[in-house]
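Here's a solo chain for you in structure tokens, the form predicted on its own.
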Amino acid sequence: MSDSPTRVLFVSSESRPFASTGGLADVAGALPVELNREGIPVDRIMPLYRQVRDRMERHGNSLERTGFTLRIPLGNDQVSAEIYSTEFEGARTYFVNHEEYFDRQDLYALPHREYRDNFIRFLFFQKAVVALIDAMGQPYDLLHLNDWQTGLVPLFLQKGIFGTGREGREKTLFTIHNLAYQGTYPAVHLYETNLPANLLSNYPQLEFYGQLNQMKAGLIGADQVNTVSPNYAREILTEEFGCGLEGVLQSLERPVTGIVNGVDIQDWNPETDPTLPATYSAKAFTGKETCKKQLLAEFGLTYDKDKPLLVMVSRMVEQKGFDLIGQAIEALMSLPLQMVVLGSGQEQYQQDAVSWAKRWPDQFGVRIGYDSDLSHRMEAAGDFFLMPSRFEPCGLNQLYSLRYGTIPIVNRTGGLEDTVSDYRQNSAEGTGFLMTTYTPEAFIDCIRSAMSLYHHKPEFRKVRQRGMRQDVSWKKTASDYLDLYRSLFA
């Protein structure tokens, strides 16, 4: 066999530019394109959500019928899956269509709860992936799977979608983007998988405290497991970050590896970004100050050159540090600084942020929701970017911030520690500030240190420039994945 895959199928529940809720979509959008440029043919497959159709209509693109209509068994029922496709930036993407399951406003959840039929929705998707491969004549020798929504695919490659066995030859790589989300559902759903009834007792790949755990199934079933940063790969082997699966991860035949995500350096480029009121570079920062003035005006705040601007673009959930900010907000607002936040999430944190804007109207601004153009303007306008995440598998905003000369202030965890070098530990190489512990005191201490740097302008400029010169592109990430792919065929 060749020491390199001849054709790869990238399987994920979302992908830019078609439908997205976060970092997984960024990886699914960029990595296959970059690998194709490196000479490895990679196709994608994902559900045909309403977001996909809406985007196609807005941009005047069309979905092509492939001619494949598949019958997917779900217990005693058989459900039809129509397969469509399109080509974008040199990568072919297949879409699994079933209107009842995927023609919805949001991908995974209503505002206050996940869809009640998510197990069936993504069981159907995973079976359709294997059914399409079989209908096409098994054209792939590697499947790159991502998160729990693809965790059953190794089982279906082995046992077939009817549970009667399958002659498969495909290798599988399973990438963990966030171990906290595991796709765990009641064991009664085993019936709908068509997998052997004794699977839970005799083959504990799927069982987790009496329930079905699709993340666990992917970890055990795949030929190789990796995650999105080296430090997170180490963290998830511990009880603190392993989310109950640390023992499974420790027992894998091949050690879990970590590869840091990249960013689209064409889309995130302060020298050419069309969303900005003024562009700038590491050599000429005048445009960045223009961006700061205009963003402050947009949020109703008054520009003051002596006050640093802290920006934050984030989901408003505990993982992202909003509990910590709430504990530190009094001390934070007592400092001579300004802060603006863009995001949405848990109702309590949204209400907290709105109340802070009312209480400190000259210092704090907030927008509830998500706005891609505004996120670019905030990255460009900020002096510092706040990312005090409790845990962070990789993180992308700290990479955007480095590109835009907005110095990251982050917690020392996961991919944040891999990508941000602490200025306080090494002023000659530092690109940001890392909290020593996850406490309000360490958070405020970090911000005080950052403010001190802000008032030493020549040094502040050097740190900005150093961050902007970091290579955060997908090219290196793709090269690392290509090495990992080849290791499976060596």
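It should be emphasised that the depicted structure is a prediction, and the values quoted were computed from it without experimental measurement. All residue numbers are counted from 1 along the displayed sequence.
The same protein also exists as the form predicted together with alpha-D-glucopyranose (GLC); that form is not shown, yet it is the one meant from here on.
**Q** In terms of non-hydrogen atoms within 4.5 angstroms, which of the given stretches 401-409, 358-366, 78-86, 176-184 touches alpha-D-glucopyranose (GLC) in the model of the complex?
**A** Of the options given, it is 176-184.
**Q** Gly382, Gly395, Pro154, Pro388: which sits within 4.5 Å of alpha-D-glucopyranose (GLC) in the model of the complex by any heavy atom?
**A** The residue from Gly382, Gly395, Pro154, Pro388 that makes the contact is Gly395.
**Q** Please tell me which of Arg315, Arg234, His189, His98 lies within 4.5 Å of alpha-D-glucopyranose (GLC) in the model of the complex, judged by heavy atoms.
**A** The option sitting close enough to the partner is Arg315.
**Q** Could you confirm whether Gln319 comes within 4.5 Å of alpha-D-glucopyranose (GLC) in the model of the complex, counting heavy atoms only?
**A** Looking in the model of the complex, residue contacts with alpha-D-glucopyranose (GLC) include Gln319, since a heavy atom lies within 4.5 Å.
**Q** May I ask you to state whether Val27 is within 4.5 Å of alpha-D-glucopyranose (GLC) in the model of the complex, using heavy atom distances?
**A** Yes.
**Q** May I ask you to state whether Met215 is within 4.5 Å of alpha-D-glucopyranose (GLC) in the model of the complex, using heavy atom distances?
**A** It does not: once alpha-D-glucopyranose (GLC) is placed as it appears in the model of the complex, Met215 has no heavy atom within 4.5 Å of it.
**Q** How about Ile161: is it within 4.5 Å of alpha-D-glucopyranose (GLC) in the model of the complex, going by heavy atoms?
**A** Heavy-atom contact with alpha-D-glucopyranose (GLC) at 4.5 Å: absent for Ile161.
**Q** Considering only 249-288, what residues come within 4.5 Å of alpha-D-glucopyranose (GLC) in the model of the complex, judged by heavy atoms?
**A** Contacts from 249-288: just Asn261.
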